[in-house]
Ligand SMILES: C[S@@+](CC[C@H](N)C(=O)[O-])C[C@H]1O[C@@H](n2cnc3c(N)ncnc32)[C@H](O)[C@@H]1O
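Presented as structure tokens, the chain that follows is alone, the form predicted on its own.
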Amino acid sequence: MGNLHTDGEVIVDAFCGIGYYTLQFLVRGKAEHVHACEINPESIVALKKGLERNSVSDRCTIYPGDNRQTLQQLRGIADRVILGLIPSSMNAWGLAIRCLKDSGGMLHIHMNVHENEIEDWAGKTAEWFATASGKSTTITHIETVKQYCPHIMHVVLDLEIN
């Protein structure tokens, strides 16, 4: 994620944790701003330390609490939304679409998927987002991150909506 060029982008990290992706986008990707949502207070303490140590606190807004509420505050602002929760981020998909700018943007969707169903899952997920958003969707990349348990893979689907 740190190799993505996000210069000038506004990013929503829907499940930021301690900043695994938030910090990468701010420090290496040079994102303009990251809106970081996190429910775990201990993770937020660690995130704040990471932001301070990397001198990027001024480019990150933290939204503590349940992202079913916090994501609603972020409608129409994002060029990119990170849905980095496994085994599934499905409960936040509808909110994530609404965070994207009217012109669309990029979604990074994490999911645990059976090794024989990755392509099928990606296609069905793209169809779901096309229907839910009323916009065209393009699968730009599918990354198999690691094995989660026997035959189940942690997968990231990069989906462009426009």
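The numbering used is simple: start at 1 and walk along the sequence shown. Just so we're clear, the structure is a prediction, and the values are computed from it rather than from any experiment.
The protein also exists as the form predicted together with the ligand; that form is not presented, and the subsequent description refers to it.
Within 4.5 Å of the ligand in the predicted complex, a heavy atom is found for none of Gly123, Ile142 and Leu157. Contact annotation: of the candidates Ser103, Ser55, Thr61, Asn40, the single residue with a non-hydrogen atom within 4.5 angstroms of the ligand in the predicted complex is Asn40. Although the partner is absent from this view, Tyr21 contacts the ligand in the predicted complex, with a non-hydrogen atom inside 4.5 angstroms. The closest non-hydrogen atom of Leu85 lies within 4.5 Å of the ligand in the predicted complex. Although the partner is absent from this view, Gly94 stays clear of the ligand in the predicted complex, with no non-hydrogen atom inside 4.5 angstroms. Within 4.5 Å of any heavy atom of the ligand in the predicted complex lies no heavy atom of Glu117. The chain is drawn here without the ligand; in the predicted complex, the stretch among 130 to 138, 95 to 103, 65 to 73, 26 to 34 whose residues come within 4.5 Å of it by any heavy atom is 65 to 73.
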